[in-house]
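Below you will find one chain, with nothing else, as structure tokens; this is the form predicted alone, and questions on how it binds or moves follow later.
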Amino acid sequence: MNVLVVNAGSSSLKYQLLNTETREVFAKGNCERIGIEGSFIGHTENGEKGTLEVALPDHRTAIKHVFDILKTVDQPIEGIGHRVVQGGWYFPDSAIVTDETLAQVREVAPLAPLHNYAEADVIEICRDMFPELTNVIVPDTAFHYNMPEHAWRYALPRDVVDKYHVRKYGAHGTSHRFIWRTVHEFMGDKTHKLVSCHLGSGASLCAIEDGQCMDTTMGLTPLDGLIMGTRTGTIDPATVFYLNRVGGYSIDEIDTMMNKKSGMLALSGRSSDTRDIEEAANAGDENCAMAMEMFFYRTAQLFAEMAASMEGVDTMAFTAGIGENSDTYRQGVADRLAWMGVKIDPELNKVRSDDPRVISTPDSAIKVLVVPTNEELMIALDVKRLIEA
């Protein structure tokens, strides 16, 4: 089945047309700076890359340009899958778009206002333009929806929790689900308790026992958990009150600070990009060296927390931008987990490949893999599954 996968952000729109059986990607691209001066579309087809400088005042205009571009691709679109950041309390699984499910995406949007509103608009546009095609919602939170209550519930008054739907929702669920699927196919019955390590500018860990999410590091929002590119990760919540009362910062200013001005950017004082930080650390920058050490420490610390949620772990898998590409960061995390018996082979760790691969030594207590993620394929497979059902 040929599926168009759409991922709409606050000022961007990524797309990919692929086949679920052959996994061939016919075309892909990204509409950038939507609603901002200097907007453009980057498109790749048959290995050829091109850039179209075009005014993109809104997402409706962007998706219309995408469909115009895809007319040159000699492949029919048989279904459309939409990545939705926040499924809230409505989506334990992906769902076919109806008036009701689309309204639910908008209803839970206050939990992810920069994304859900744009995603809902694009879904609506696709329905209007191609009413004959089935659209499917694939929420990032769905995989975490059925984790045990002791993992998702917060120790807040129950009336507050129930009224405002406050709980751990997690994120990166589509990626973690793909990693479980791939690792299980690759390792077979040797994997039962996996910690999926999605390490990128946004980062989270997920404890997966026989395909079931048992816990994850992100919480009500993607701000919780690991130190990330510009996000604080877990921090004493009273920090917000202190900065408001004593520092005089508004709630909006603190929100911006913790989401866009913190994390590796703040620790290094240089960049949110771990490659820049590593280069500076190697040149003797002590702040960058500390930023890296804190990243290793927090990742290993929360890895142990994920293992505790399953009462054991037999496999860990690195994925996403840092997890797939940085042997230095993989080694740093593994060294912090040596007490758990984690050992990776330095030579295997340096290998670059687009395929899943084992990088641990034969005597490692935990099997360690690098698994390139493919959220677009996971979304497309959901579209195929739901349409055929």
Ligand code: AMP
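Nothing here was measured: the structure is a model prediction, and the numbers come from that model. One rule holds for the numbers: they count along the sequence shown, beginning at 1.
Only in words, not in the display: the form predicted in complex with the ligand, which the text now covers.
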Look up in the predicted bound form whether residue 61 has a non-hydrogen atom within 4.5 angstroms of the ligand, and give yes or no. no
4.5 Å heavy atom contact, residue 200 to the ligand in the predicted bound form: yes
Is residue 274 part of the interface with the ligand in the predicted bound form - any heavy atom within 4.5 Å? yes
Please determine whether residue 326 contacts the ligand in the predicted bound form, using a 4.5 Å cut-off between heavy atoms. yes
If contact means any heavy atom within 4.5 Å, which of 114-122, 242-250, 162-170, 274-282 contacts the ligand in the predicted bound form? 274-282
The single option of 321, 356, 42, 332 touching the ligand in the predicted bound form, heavy atom within 4.5 Å: 321
